[in-house]
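To begin, one chain is listed below as structure tokens, in the form predicted on its own.
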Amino acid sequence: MSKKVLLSGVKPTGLCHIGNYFGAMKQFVDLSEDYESYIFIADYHALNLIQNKEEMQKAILGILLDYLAIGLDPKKVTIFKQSDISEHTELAWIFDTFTTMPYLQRAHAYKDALVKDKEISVGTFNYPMLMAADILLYSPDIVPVGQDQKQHVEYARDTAQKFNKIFGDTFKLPEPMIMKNVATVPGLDGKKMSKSYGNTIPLFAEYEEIKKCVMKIVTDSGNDIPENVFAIHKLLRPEAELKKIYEEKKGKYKEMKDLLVEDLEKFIAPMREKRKELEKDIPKVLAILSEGSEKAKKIASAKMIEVREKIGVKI
């Protein structure tokens, strides 16, 4: 029996942190055992944010190295780049032709941009249709997302249903896989860990950088156990074991932070070293991406032949 298909995409927009890892990346590694997995680098989506050649190239290579370093196995997971598959943008245009502006005005990214009073680009306004194309080209059974990203999959499902109704049954309706047990990792200031808040612990940090970050974690002097420190620490050790240790060190914030530094170093060091090894042979890393894109291209190309047939442009 063939495995069900999983698909997810990641925007290359800066250094990954431990919140990214525990929030999504770890799940991609775990799920790759049970699903035929496709993980793509959403560089055309990132173009809404990054408009500098060198920065874009660095970001794409960075996320590729990150995924290989955390243990995504190219034998089990197809890693590819969105811009290598022209069918993504072709299908997005086809979806544009029957998608209304009021429908797109309900998208979270558009609403967020409006609130921030930004001059909104067509790319930001239209991104749900490119995302729908990203998903539907590969006929995935599931798309793992956090609760706050569920709308992405709903837009893809709506678009598939509209297309199927107008042109005939073509696209599978994907299901969102809501990762309910995924921890929201608090940052150094207690808010959700996020690059935009500047409150992160980088996933591949060196020892001194880990130490510097941990010492910045905000603690509540009115509490025997520093909650922010504990919340990060329990990602690395069983909670029951940790509670006992913290009880013994009650009030000794420095000791608790020192222990977190050591545990983070043990966790990060093997991935950090693997990433450094990968960096020594960039052509080999890029060959993995090229091979993945080649495989994805075959699937996307076959689906677009069917789509062109259905819409009548193939004569």
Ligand code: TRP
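A residue's number is simply how far along the shown sequence it sits, counting from 1. Remember, predicted model here, so these are calculated numbers, not experimental data.
Not pictured, yet referred to below: the form predicted together with tryptophan.
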query: In the predicted complex, the residue from Ala113, Ala231, Leu236, Val145 that sits within 4.5 Å of tryptophan by heavy atoms; finding: Val145
query: Single option in Ile50, Ala42, Leu259, Leu64 placed near tryptophan in the predicted complex, where near means a heavy atom within 4.5 Å; finding: Ala42
query: Contact flag, Gly9 vs tryptophan in the predicted complex, heavy atom cut 4.5 Å; finding: yes
query: Interface membership of Asn164, tryptophan in the predicted complex, 4.5 Å heavy atom rule; finding: no
query: Contact test in the predicted complex: Met131 vs tryptophan, heavy atoms, 4.5 Å; finding: yes
query: Heavy atom of Ile135 within 4.5 Å of tryptophan in the predicted complex; finding: yes
query: Residue stretch of 137 to 145, 68 to 76, 117 to 125, 167 to 175 approaching tryptophan in the predicted complex, non-hydrogen atom distance within 4.5 Å; finding: 137 to 145
